[in-house]
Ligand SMILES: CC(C)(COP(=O)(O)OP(=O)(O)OC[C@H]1O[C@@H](n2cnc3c(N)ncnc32)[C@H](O)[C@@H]1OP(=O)(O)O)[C@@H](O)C(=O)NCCC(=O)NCCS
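Below, in structure tokens: the form predicted alone, a single chain.
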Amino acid sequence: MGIFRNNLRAELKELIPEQQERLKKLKTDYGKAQLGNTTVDMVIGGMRGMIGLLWETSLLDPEEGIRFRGLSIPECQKVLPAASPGGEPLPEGLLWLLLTGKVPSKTQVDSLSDELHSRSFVPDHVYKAIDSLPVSAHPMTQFTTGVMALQVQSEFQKAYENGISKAKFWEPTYEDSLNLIAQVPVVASYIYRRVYKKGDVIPADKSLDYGANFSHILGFDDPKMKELMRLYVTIHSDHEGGNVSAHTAHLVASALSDPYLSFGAALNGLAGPLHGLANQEVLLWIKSVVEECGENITTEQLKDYVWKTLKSGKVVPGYGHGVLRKTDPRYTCQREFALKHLPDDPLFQLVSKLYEVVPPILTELGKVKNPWPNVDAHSGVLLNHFGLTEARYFTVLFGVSRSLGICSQLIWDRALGLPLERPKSVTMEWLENYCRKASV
């Protein structure tokens, strides 16, 4: 295992000192530079749009969407190594890119695949912790329980208790992070097989890459499903630092909590219906459309159903985004995948009709800043097509994917010595008094 372990780690060890110097110079030269004005709306509105976090691995632009280390999703699809020519990018390649800022070779990606396999063993006590929960417990509850049970093996916690130097914090964090990334598909697949397949567990195939093996141990060996899983994990891996799961992990880790504790906290945020659980809600809503109107629904019938949903005080799940103001590129690449692999799927055709119908209605409503579809509007229909029909499980897939982005940034948090996060909070009285004085 040593030869694989040293490859990516050695790359990081070389990069970290120059990035430490870069941050130090930034702080020295521009530490007092203003980044904009904070408004009362921002304070009341959940710090929306307030610049307040350093997050190196990705950046979200309201117009063009996510960039991973400067690369858009189409660019990642073009330059990152794939399992076969013209195929979807391998998640290991994206992990390398997130950690180093460099596009890896196929050889480097293959070595990282082998390393992740070598780290993927899950101890028996983790399965016992999950088994102590009722099978009816939400899969995300079981997933978080499994991650917390893994925490007992934390290298960072052991090193900290033994008095490790701050300069070396990133090293056990790296070990924990790669172990965690390697183990979460195993834990996730165990939960899927436990809840939906009577506990019939499928062993890993170590000849497969990360995404394909995850598909395999879930029980799906269609080559197209393996391609979908590669794409799914890649595009769900990271989405800037301000979303609930990423920010939660960063906040908890800033207290020097280890990667398992930090990622477990992130999963609890991801499980909320305004964040990761939305992908579950989309497929359930789409199926309710079919149940009421049939698969051959007309455009007019669909418009009526959308208005009915909105007038009942509900939202159309999968539309709108806290930052984006155009169609989510993650939606677009999934649509392209569907056009290539499942153009005649009835639910995909319904999703396409929704793309035509929903934005004009939301625009007419006048209350929505972004009437366009997000990543959740499409993913469930693709998974459903290949037989992964259990919508309650979808957020677990999101969680496995998000481990790549969260852990990559966490390693850099430790390497750069980022401090305890502690924003200032104020009361309504403070705001009222401040604004009265400011207006005089």
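From a predicted model like this one, the values you see are computed outputs, not experimental measurements. Counting begins at 1, following the sequence as shown.
Keep in mind the form predicted in complex with this ligand is missing from the figure; the text below concerns it.
Novice: So if I measure heavy atom distances to this ligand in the model of the complex, which of the stretches 286 to 294, 68 to 76, 138 to 146, 270 to 278 falls within 4.5 Å?
Specialist: Selected range: 270 to 278.
Novice: Please check if residue 190 has a heavy atom lying within 4.5 Å of any heavy atom of this ligand in the model of the complex.
Specialist: It does not: once this ligand is placed as it appears in the model of the complex, residue 190 has no heavy atom within 4.5 Å of it.
Novice: Verify the contact flag for residue 362: yes if a non-hydrogen atom of it lies within 4.5 Å of a non-hydrogen atom of this ligand in the model of the complex, no if not.
Specialist: The answer is yes: residue 362 has a heavy atom within 4.5 Å of this ligand.
Novice: Is there any non-hydrogen atom of residue 374 lying within 4.5 Å of this ligand in the model of the complex?
Specialist: Result yes; residue 374 sits at the interface with this ligand in the model of the complex.
Novice: Quick one: is residue 368 in contact with this ligand in the model of the complex, heavy atoms, 4.5 Å cut-off?
Specialist: Yes.
Novice: Among the candidate residues 242, 219, 87, 320, which is the single one with a non-hydrogen atom no more than 4.5 Å from this ligand in the model of the complex?
Specialist: Checking each option against this ligand in the model of the complex, the one that comes within 4.5 Å is 320.
Novice: Of the residues 122, 310, 182, 133, which one places a heavy atom within 4.5 Å of this ligand in the model of the complex?
Specialist: When this ligand is considered in the model of the complex, the option within 4.5 Å is 310.
Novice: Only counting heavy atoms and a 4.5 Å limit, does any residue of 38 to 57 reach this ligand in the model of the complex, and if so which ones?
Specialist: The one in contact is 48.
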